[in-house]
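In the form predicted on its own, a lone chain appears below as structure tokens.
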Amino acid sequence: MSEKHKIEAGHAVGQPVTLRELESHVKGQTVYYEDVKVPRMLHLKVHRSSVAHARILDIDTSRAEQSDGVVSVLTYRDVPATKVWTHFEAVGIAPGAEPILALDKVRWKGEPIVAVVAESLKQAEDGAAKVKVTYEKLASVFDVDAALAPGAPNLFDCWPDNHYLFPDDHAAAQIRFGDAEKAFAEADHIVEHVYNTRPIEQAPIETAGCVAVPGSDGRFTLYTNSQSLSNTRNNAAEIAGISPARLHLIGGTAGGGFGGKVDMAIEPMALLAAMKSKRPVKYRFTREDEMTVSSTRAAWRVSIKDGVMQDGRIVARYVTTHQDVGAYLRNSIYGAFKHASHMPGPYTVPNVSADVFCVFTNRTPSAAMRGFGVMPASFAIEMQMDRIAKALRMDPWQLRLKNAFRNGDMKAHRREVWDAALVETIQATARLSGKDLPEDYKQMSSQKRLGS
């Protein structure tokens, strides 16, 4: 049987598997969106907000329009939908509150206001620099404590306390399982702590970008490095006010993404510019753009309170999490749901109460990054496990084995465990690292608990 057939038959474990694109990468033959060269291609540069929070009193594009090489200038008036729609709004989860180009307010430093399209990138940059925006500055908040403080400035009139309201007016994504209050009252120990993470930029080698090419048949071809081609197509079509059938997206190859290329804001901007100029338009982030205005992994504040028995069993867990989503929601609702459903991690805790809040601040909007929502939850949970072990003077390996999921256990979000492997993973790690576990812990299994 060939290597290909072995892999397709599910026999890849333990076998060397060649990366599908390895040869073309090594030979420099892989085609990226930037390799696309089309005649009469224009370049786009965005004039962005220089302040974190302000009302826009005036947008003056006259000098930009007269600048050498400038072909067209776009403001919110050129955007039919005037907002960024996401696939989450399509299923009724999150409103499309973020404009593709700012209307009456800016809510973060770097928010797009005007797009300038020119014959060369340098001319587009020069034109964008000549845009003049008059602001009425507003007070800003840059962390969840400031955003939730009494009298804090509101980013949105519809969310007066800077909290996003989930469907049915729930203030948070919630998990309720068992009777946590009763279990806490019966616990031998209470262990609680607050864990904080900070925003992280994905920093892919290839920055985000797109080339939008008008066709003679009224369709547009978008060469992109988006990580979400289907959703990007629907999003761009919605913003441009055209049928998705008029868009042909070519992509699938990205020089790194890690979640940072699912924002779906690059493509509609290039599409709108191509529609207005009736010529191909290239829009790409510079490295500075990537590091300063692309979405980041959110900052999270995770408060965990555990009720623990003397033998190490965790019998109750309270979790209160505040996700700093930045100025707009983007994918944050999805991250909040994942964060909530991940509690209490890969451990069986019979009584769980979790509330995950999305809080608006004047930071750069956050979005996806490698397991967003789950990663900060895992970080906080594992730090908490070490804290519990220290409080009980118990071996942290044994604590984890005692509480690890077994097949047949019920997760806090009411899904039965059927593929548990944490016990065996910890045991294998112990063997490889020279950790000597007691014999009864070596005999533990994900199939059942000792004595059951």
Partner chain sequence: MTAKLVQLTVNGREEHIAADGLISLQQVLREKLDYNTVKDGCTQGGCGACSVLVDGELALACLLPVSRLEGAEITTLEGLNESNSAGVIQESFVEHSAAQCGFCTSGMIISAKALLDENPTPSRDDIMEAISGNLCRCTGYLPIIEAVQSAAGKLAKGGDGE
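Positions refer to the first chain, counted from 1. Everything quoted here is computed from the prediction, not taken from an experiment.
Omitted from view is the form predicted in complex with the partner chain, to which the following refers.
Chemist: Tell me the stretch among 252-260, 308-316, 265-273, 150-158 that has any heavy atom within 4.5 angstroms of the partner chain in the model of the complex.
Modeler: Contact-bearing stretch, as computed: 252-260.
Chemist: Kindly confirm or deny that Glu23, Val26 and Lys37 each have some heavy atom within 4.5 angstroms of the partner chain in the model of the complex.
Modeler: Every residue of the spot touches the partner chain in the model of the complex.
Chemist: With the partner left out here, check for me: in the model of the complex, does some heavy atom of Glu288 sit within 4.5 Å of the partner chain?
Modeler: Yes, Glu288 is a contact residue.
Chemist: So in the model of the complex, does Glu201 come within 4.5 Å of the partner chain, heavy atom to heavy atom?
Modeler: Contact with the partner chain, yes.
Chemist: Please run the contact check for Thr18 against the partner chain in the model of the complex: heavy atoms, 4.5 angstroms, yes or no?
Modeler: Because a heavy atom of Thr18 falls inside 4.5 Å of the partner chain in the model of the complex, the answer is yes.
Chemist: Even though the partner chain is not shown here, does Glu119 get within 4.5 Å of it in the model of the complex, heavy atoms only?
Modeler: No.
Chemist: Taking the partner chain in the model of the complex as the reference, which of Val349, Val79, Val73, Met369 has a non-hydrogen atom within 4.5 Å?
Modeler: Contact with the partner chain in the model of the complex is made by Met369 alone.
Chemist: With the partner chain left out of view, which of Ala185, Ile205, Ala139, Ala129 would have a heavy atom within 4.5 Å of it in the model of the complex?
Modeler: Only one listed residue qualifies here, and that residue is Ile205.
Chemist: Quick one: name the residues from 262-279 with any non-hydrogen atom within 4.5 angstroms of the partner chain in the model of the complex.
Modeler: Stretch hits: zero.
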